[in-house]
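We begin with a single chain expressed as structure tokens, specifically the form predicted alone.
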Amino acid sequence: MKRDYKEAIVYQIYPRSFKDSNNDGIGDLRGIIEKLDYLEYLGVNAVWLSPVYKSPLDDNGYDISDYCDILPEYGTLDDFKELIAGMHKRGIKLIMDLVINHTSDEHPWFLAAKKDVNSPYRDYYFFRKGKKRRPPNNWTSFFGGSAWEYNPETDDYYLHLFSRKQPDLNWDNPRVREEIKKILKFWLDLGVDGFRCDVINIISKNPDLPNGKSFLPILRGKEHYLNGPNIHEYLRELKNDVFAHYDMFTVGEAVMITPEIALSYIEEGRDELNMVFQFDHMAADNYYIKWFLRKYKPKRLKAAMRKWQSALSGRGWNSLYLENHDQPRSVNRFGSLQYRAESAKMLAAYLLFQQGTPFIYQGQEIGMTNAHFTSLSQYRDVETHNIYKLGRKLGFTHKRMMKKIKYMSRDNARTPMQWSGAENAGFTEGDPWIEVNPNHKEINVESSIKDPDSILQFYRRIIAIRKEYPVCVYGSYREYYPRSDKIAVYERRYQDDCLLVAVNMTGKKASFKPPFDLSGFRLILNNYAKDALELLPYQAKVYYGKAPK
């Protein structure tokens, strides 16, 4: 079934690090407005904007103190309205980040709730008495440590699955759900085109809050809130009361989800959400929890992508991503710094021609790399510092924890966008809130625009091809050579059209035998000038022709 969101190419903006317009060192809405022509030049037709709401910034905006206003550091509601108008003028949709599992502990609801057991906001959250000076249960947070924080004002504890400054909302309270609907309508009435729903599959908890069975230092208790008892009821309520009345789409961040469970949210006809972000392919270099590292293997990445392509085919819609504000840079993880340009292009071709809606994270299109930090003090991310403390408490050495952080910290994706080779990469003339990567002199938008062979120009060609050939969007998916740990080959078919994508995922030459006769096909994309059947290091080639019988 044809839908606008299936044809979208989404660009994620992390506003704090995108572009600073007033030289205070912090990216802002007017900085984004300055760069709208760049987004149009790139060819994207939707933007996912990470949180810009009022917030004390314990978790860089994912701790919200006012859902219906803009953080002053980022601008004003008038700036936001101008941003929407500018995007819509250029045919670009705006997708807001929706953080409704938790609020900030500085939100007025929580400030009232924590002071008075009789407050009407008390049941907006999970407050429970402790057990013999211990928390109510043994749950641990995503960021490490107990998921409970003691509240001396009422001599009890409140639940926080993330930072202690992010208390979880109680969705079983119908008043909470009505508050959320008001927030949704506020932004949709301003012209927002949809929402990326943060950790949406954990909003419903087992009301008994029983102990977790695991002994892991993080995510203990997850079986009692992952895809919880009333999750579908609550999402159907949002859909029927709000979403169905607007021209919009939703993508839900769904932690630890399987394709089968995903379909219970996104199957066409059900459409509680239009698609989900899943994390299976993010385990290609770890043991499903990102801090438990293992050597990257291409066949693990391929297997995860294949699983989702196959399971959702004809039933639901995939999201396609390799980077975002929570993940390190893909060229460091799945590519090569030695072959940075070649591998970044290869990863772009491998990802963006699969079935699903592509999400490109700021800087990905120029091949930005992980942060250069060597000291813990250079990191700003609350998760990074919490994980470091937890690791040291568990007996890991400073050196080992720094190795983990250097590879996996969320700050790897949060260094400022590299616009030029000028001081501070053209991001700001002030003191940036987080250090700029020194390699901005070589890796930046300005030089990439001038270079016809740049990663940026390669992304532009892919985006143009996706728009020109419906097979890129609506074609079926079939993979060849699934056991190979060197090459990835797949075809897309739609009506009489066929694409064949062949990439080398290694730094060595790899043999490639086409799975069918390519004599009637055109090579429409190649990240090398050469066109031999042997694939050069990180080579990517895309062929187009009429589907063979």
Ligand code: ISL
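In case it trips you up, residue 1 is the first one in the sequence shown, and so on. Keep in mind that what you see is a predicted model, and the values were worked out from it rather than measured.
Although it is not shown, the form predicted in complex with this ligand is what the next lines describe.
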Among 196, 107, 93, 440, just one has a heavy atom within 4.5 Å of this ligand in the predicted bound form, namely 196
Checking 388, 142, 339, 433 against this ligand in the predicted bound form, the residue with a non-hydrogen atom inside 4.5 angstroms turns out to be 142
Exercise. Tell me whether 281, 350 and 479, taken together, all sit within 4.5 Å of this ligand in the predicted bound form, counting heavy atoms only.
Key: no
This ligand contact at residue 306 in the predicted bound form, heavy atom, 4.5 Å
no
Exercise for review: Answer for residue 355 alone: is it within 4.5 Å of this ligand in the predicted bound form, judged on heavy atom distances?
Suggested key: no
- Message: Please tell me whether any heavy atom belonging to residue 414 falls inside 4.5 Å of a heavy atom of this ligand, as the geometry stands in the predicted bound form.
- Response: yes
- Should residue 62 be classed as touching this ligand in the predicted bound form when contacts are defined as heavy atoms within 4.5 Å? yes
Within 4.5 Å of this ligand in the predicted bound form, heavy atom basis, the matching stretch of 419 to 427, 131 to 139, 94 to 102, 455 to 463 is 94 to 102
Applying a 4.5 angstroms cut-off on non-hydrogen atoms, the residues of 248 to 266 near this ligand in the predicted bound form are 253, 255
